[in-house]
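Two forms, one protein chain; structure tokens for each follow separately as structure 1 and structure 2.
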Structure 1
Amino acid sequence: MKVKQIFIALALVFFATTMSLQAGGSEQGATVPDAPTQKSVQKPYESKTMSELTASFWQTTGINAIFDLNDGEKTSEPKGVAYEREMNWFESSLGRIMMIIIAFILFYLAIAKNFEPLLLIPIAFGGILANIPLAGIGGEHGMLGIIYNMGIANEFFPLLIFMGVGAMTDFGPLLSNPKTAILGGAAQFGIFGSLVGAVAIGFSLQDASAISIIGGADGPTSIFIANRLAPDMLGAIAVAAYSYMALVPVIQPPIMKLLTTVEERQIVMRKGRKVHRLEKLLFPILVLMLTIMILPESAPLIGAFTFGNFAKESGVVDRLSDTMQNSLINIVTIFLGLAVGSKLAADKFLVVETMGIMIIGLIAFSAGTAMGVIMAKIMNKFSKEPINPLIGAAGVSAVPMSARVVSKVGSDAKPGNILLMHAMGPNVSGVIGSAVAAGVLLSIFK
């Protein structure tokens, strides 16, 4: 019996050995691309004294990483480790402290001043996370890096945002007073003005085209065109565009007051005509058809925008419309804000190129606001019905932020003067205008 058991055991060992050798031979013969040549071996733990443990722990703290100017820490890049580099002393220490302070300033503006908290809070929090030493949160496998790659680098988030904005948009004010569309067009002066300015100071025409969209204060469109024309500058452009979108209540009022008199700000506009439901239903389809025939490059943005609006106006898919207006756009706003905030890392934000983009963007946005107000003043001179020049500032595509700011400035000048619905006409046309401008710029490089 024992002999039989020994024989069976030897047979099993022989069989197992043979199979192992065959498997090893087949692995050597097969060619596997990008297969690692060596297996990573975990370093065995070595016993340490209490002082050594304390010193080891200190090396892993954020305090040490900030104050050790020569620790060799690398940047975090969502594209992968091949794009990472060693941080200089400023980026790893003082720069981080500055960016965290800037993030807290954004918190203050969002919470204490109520300046677009839906944008500023995720962006600011993303900025803090991006400046945490050693964590690599903005890297390819970090939380912020994953979010950035899944929605910013491939243009997906901007399209979802446009879909939600379309579902929240009412074309009624524009259709009841179509001439306000001129104001949306006039405000695009900031885009083309900044294009000329960016080229004049040394940017290539392609990079300048991507930067110029900041002049419309349109974050989704800025991301969309930057990803096509200047992917290396995508982070800086996204930060600039969304910063100015959020700071509309800070930037626009001084310009509006500078270019208008008290009497002009007190102008009361007449209520527009009632728009038929069929008009609202046909308008997004008409806009989409014109885009398809004349400017297909804008079709992704315009298509998402008009789809959201058509679903709302159809009246038969309320659940889908409600999801786009609330759940979808809220979720995407969280992800988009964190992803944009990841570019507030000191090594990415505190550089000459980003500072230049921020300055060009501010000038462009201010120029767009000013041109909208000036055009409204001209229209008021020749119009039979009074036009409050303030509504021209809403021609930029920061919807509905600009319209709300216009209404507030108007009510401050004359209590009870509600300009919100009148300002929504230029505001909505500004969204379409910036998407059209993006399509025109993209078509140049075809």
Structure 2
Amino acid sequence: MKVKQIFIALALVFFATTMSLQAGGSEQGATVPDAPTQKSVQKPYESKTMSELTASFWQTTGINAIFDLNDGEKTSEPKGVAYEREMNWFESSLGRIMMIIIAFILFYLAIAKNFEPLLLIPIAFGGILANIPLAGIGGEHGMLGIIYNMGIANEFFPLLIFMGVGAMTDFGPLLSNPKTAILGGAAQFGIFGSLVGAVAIGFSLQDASAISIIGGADGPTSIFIANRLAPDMLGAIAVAAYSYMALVPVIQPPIMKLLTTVEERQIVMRKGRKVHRLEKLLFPILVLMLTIMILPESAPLIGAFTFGNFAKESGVVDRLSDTMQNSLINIVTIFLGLAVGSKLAADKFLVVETMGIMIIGLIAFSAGTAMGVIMAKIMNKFSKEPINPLIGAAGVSAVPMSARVVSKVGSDAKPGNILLMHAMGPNVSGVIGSAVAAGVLLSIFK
């Protein structure tokens, strides 16, 4: 009974709207000749019967767009209309539904499991928006398309993020125990090892390079590289990179435990020496100088990173560094998330390559973690001071997530053993390391 009532009410509302639309339409028809510059002038309005109106309205509903398999709907491309192609039946119907479900899974992970909600919420919502039929939100003149063109297509947002991360990073732990920086290098093996793997399963060298950078566990760098080397796969690469960053607490611990003994995990590390303020101030400049001399290809990333850090350590522009590490990075995160989400459109995401990218990304990430731990074990053997092998896992650059994970695994093995500060050293050098690796890959394909 109730259902019937609701249905009748809906039908009434529907007719009322279509009637008023018709009325409005005819009014518009009358005023059109006065405004010849408007776009809508192209066709003079012709009287339509009620059934025609209803039918044409039905054509524009989402239900119709999703269930009509051969409606010849076009994809939305931020580059412009010329790049659009017709969707196949899967992309315009079932694919959309699948992607919206995936977005809900991401919501669940973000809200219930608290995995990087700052990234997953915008990305997943952007994904829903991008899969809305007919609205063209991901197109050149849609919101997501505009944001995409504004900062992803020209690699601008990743640099802003790097600036903010630089302003948030404290290099103190690294400076007080410099040799842990080598661990941040070892973890980059994930990138190059999976490069070989990706080539082996049939990706081209250039595509494989773009995919394997996921092993750096660094979203901004991945976007930066994907844009240069494989712009078609940007969406899948960005989504993979960010989802693995979010899954650090799930992926890393088993690998860490597998490769270390309980005794090793219980190693207590000595407290680092006190770091002079001047050292912190000069460090970003030194890194920048090194980059200028060795690898200018990485300079955009490292330049932004060191600028943020220098502004923080200078101590005289607190307003600027405060903006970089709070408001600016927050704004950019919203934009970046939504724009990455726009690549979750079914026609771009549900392709065969995505599966390969997700798998290679996971391997890259795990290999990086493993290599970091192994390197830390080797260092522990040869070093006078004890080094807990766990901190090697923080060499992947997901700052500060992986350092926190290391600390947690460490204190699980031995309560009260706080490794956080020791893990921050490899962690921040991992950021530098993956930016360097990115520069090497860029220099190869220059």
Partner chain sequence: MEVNIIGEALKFMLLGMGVVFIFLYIMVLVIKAQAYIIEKYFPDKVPAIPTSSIKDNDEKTRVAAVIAAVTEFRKNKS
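If you superpose the two forms and keep the largest set of C-alpha atoms that fall within 1.5 Å, you have the rigid core. None of these values were measured; they are calculated from a predicted model. Start at 1 and count along the sequence of structure 1; that gives the residue numbers used here.
- Message: I need to confirm something. Of structure 1 and structure 2, which is the form predicted alone?
- Response: Looking at both copies of the chain, structure 1 is the one that matches the description.
- On a core-based superposition, does residue 409 travel 2 Å or more at its Cα between structure 1 and structure 2? Residue 409: C-alpha displaced by 2 Å or more between structure 1 and structure 2.
- Query: Superposing on the rigid core, is the CA of residue 332 displaced by 2 Å or more between structure 1 and structure 2?
  - Reply: No, its C-alpha moves less than 2 Å.
- Query: Rigid core fitted, is the C-alpha displacement of residue 379 between structure 1 and structure 2 2 Å or more?
  - Reply: It does, since the residue 379 C-alpha is displaced 2 Å or more between structure 1 and structure 2 after the core fit.
- Message: Core-aligned, what does the C-alpha of residue 418 shift between structure 1 and structure 2, expressed in angstrom?
- Response: Reported C-alpha shift between structure 1 and structure 2: 2.4 Å at residue 418.
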